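Two forms of the same protein chain are encoded below as C-alpha cells; each is given separately, as structure 1 and structure 2.
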Structure 1
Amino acid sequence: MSFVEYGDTIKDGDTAIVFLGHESMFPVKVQHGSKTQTKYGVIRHSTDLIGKRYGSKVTCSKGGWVFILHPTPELWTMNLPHRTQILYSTDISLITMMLELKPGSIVCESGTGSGSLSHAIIRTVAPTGHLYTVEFHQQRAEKAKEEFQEHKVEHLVTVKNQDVCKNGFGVSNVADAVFLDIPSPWEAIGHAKSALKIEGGRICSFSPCIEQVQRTCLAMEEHGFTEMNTLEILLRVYNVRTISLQIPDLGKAQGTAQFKSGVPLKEMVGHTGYLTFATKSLF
C-alpha cells in the first residue's frame, strides 16, 4: 500500500480506511492478529482484511458490514489524527492549481502540521518530484516523518525540524513553489525567495487573519514578488431533491407536478483562511 500507488489487496502493515458511511469512517493500521471494534462488531485483521481486495464489503461479528477503502490524500484529510488545524480539500485543490504543481515539481512547505496538505502535494509531484517540509515543533515533525514512512512516501519527502523564519528551508534555488502556513509568514518571505529557482516560481501563504495578509503582502512587495492576489474560498453545498407542487387551476386538468430543485444547506463551512499568491520576479 502506498498513498501514491494503488494496490489491489490489503497487506499486513497497510493503512486502510474503514467506511461505515459518508459521515462515519476512520483509518486503521492492518496488523496480523489485531482486531478493530466498530458499532457493527469486531473486524479481525487476519481473517477479515489481510488478502482481501480494497473496496471489499466486510461483515463484522454482529452481522453488520463495512467497506475497506484504499487510502487517498482526500480520505486521509477527512480521517487523519489532528495535531493542528488542517487544510481541507476545498483550499488544497486551489493551492495545487495556483502553484502550478505537477509530477516532477519541487515544493517547499512550512509548517507540516498534521500532514493534510503534505500528502496531497506528494501525490501531485510523484513520482519524480520532491517535497521539503519544515515543522517547528519537534514531536509533530517526528510524527509526520513516521506517517510518511508508514504510507510508503518517505522517498518523496524530506522533513526538517527547524524554525523556517530563522533557518529557512535548508535548500536554495531548487523549488518550483513554496507554501507557508505559519503564524508570521512575512518573516519567512526572504527564505522562501531564496528557496525558489532563480528563473522564478510561485508562493502561497495561508493566514486566518487579514492583518497577517497585509504584513505578508508588504514583505512580498519588498522582496520583489509580483502578481500578488488574495483569495477566500467558501464552499456552498446544495441539496438536490424532488419537490411536488400543485398545478394551478387554469380551467384544465389539475394535479401535482414533480421536479428537481436545489436548495443550499442551512449550515455551511464559513471562513477558513485567506490564500495569498505571488510570483517570484525574474528581474
Structure 2
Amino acid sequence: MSFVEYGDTIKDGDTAIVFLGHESMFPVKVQHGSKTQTKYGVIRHSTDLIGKRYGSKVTCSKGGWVFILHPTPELWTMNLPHRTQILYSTDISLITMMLELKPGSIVCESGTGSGSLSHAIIRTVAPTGHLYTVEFHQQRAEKAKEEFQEHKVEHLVTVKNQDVCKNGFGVSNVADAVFLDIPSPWEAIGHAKSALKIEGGRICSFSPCIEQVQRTCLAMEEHGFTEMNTLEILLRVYNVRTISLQIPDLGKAQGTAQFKSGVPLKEMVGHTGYLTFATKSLF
C-alpha cells in the first residue's frame, strides 16, 4: 500500500484503517507478531491481516467483525492523532481545486500542524510534484517527518523547522501554489510571493477570524496579488431514515404514513475558517 498508490493486499509495515462501524475506525501499523485490541476482540496481524485483501472482513477473537481498509488521505484525516486543530476534507477539497493542484505541482505550506492537509497535497501532486512544508514547532515538525516516512511518501515532501514569517519557505520562485494556516499570515505574504514562480501561481490563506482575513487581504493587495476571493464552505450531512408519522384521528382515518427522509444531524459545523484565495501573475 501507499498513500499515493493503491495496493491489493495488506503487507507488513502498512498503515491500515480498521473500520468497526458507523463513524468508528482507527489506524493501525501492520507488523508481524503484533496484536490489536478492539471491542470485538483481538486482531492478530500475522494471521488476520498480512496477506489479506484490503476491504476484507476480519473476525476478531470475541466473534465480532471489522473491515480493514486501504488508507487514503481522507481516512487519515478522520483518524490521525491530533497535535493541533486540523483541516477537514471539506475545506481540503476546496483548497485543492482552487489552488489548481495536480500531479507535478510544487506546493509550499505552513504550518504543517498535524499533517492533515499535507497528506492530501502529497496525494494530489504525486508522482512528479513536491510539497515544501514549514512548521515552527520542533516536535511537530519531527513527528510530521516521521509520519511521512512511515507512510512512504518522504520523497515527495520536505519538512523545514523554521518560522515562515521570518525565514520564508526556504525556496524561491519554485511554487505553483502556497498555503498559509498560521496566526499572522499577513507577515508571510511577502515570503509567499517570493516562493511562488516568477510567472505566477495561486495562494490561499486560512484564518478563523475575520480580522486576520482583513489584514491578510490588505497585505495581498499591497504585494500585487490579484483575483482576491474570500469564501467559506460548510458541510451538511444527512441521515437517511424511514420516518413514520401518525395520522391524527379526526374521526375517520387512522394509522401511520411512512416516508424516507434525509434528516439533518442535530448539530453541524458552523465555522472552520475563512479561505482567501488570490493569484500572483506577471501583470
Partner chain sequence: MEESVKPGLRIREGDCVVLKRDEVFKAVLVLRRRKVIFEKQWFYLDNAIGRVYGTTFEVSSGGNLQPKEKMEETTTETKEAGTDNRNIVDDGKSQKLTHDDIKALKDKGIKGQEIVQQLIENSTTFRGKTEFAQDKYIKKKKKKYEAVITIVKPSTRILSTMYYAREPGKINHLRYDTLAQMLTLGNIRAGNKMIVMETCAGLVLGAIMERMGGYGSVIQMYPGGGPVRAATSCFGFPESFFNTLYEFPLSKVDSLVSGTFSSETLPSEPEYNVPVEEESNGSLDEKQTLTQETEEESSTEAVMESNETEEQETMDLVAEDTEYKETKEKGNKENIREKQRKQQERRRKLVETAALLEQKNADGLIVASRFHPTPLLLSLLEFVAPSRPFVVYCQYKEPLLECYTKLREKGGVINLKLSETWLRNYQVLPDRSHPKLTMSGGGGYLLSGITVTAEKVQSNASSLEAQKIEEPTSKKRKLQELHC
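Basically, rigid core = biggest C-alpha set you can superpose within 1.5 Å across the two forms. Since the model is a prediction, treat every value here as computed from it, not as a measurement. By convention here, residues take numbers in order along the sequence of structure 1, the first being 1.
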Please match the form predicted alone to structure 1 or structure 2.
1
Residue 39: after superposing the rigid core, is there a C-alpha shift of 2 Å or more between structures 1 and 2?
no
Does superposing the core leave residue 261 with a CA shift of 2 Å or more between structures 1 and 2?
yes
By the 2 angstroms cut-off, has the C-alpha of residue 243 moved between structures 1 and 2 once the rigid core is superposed?
yes
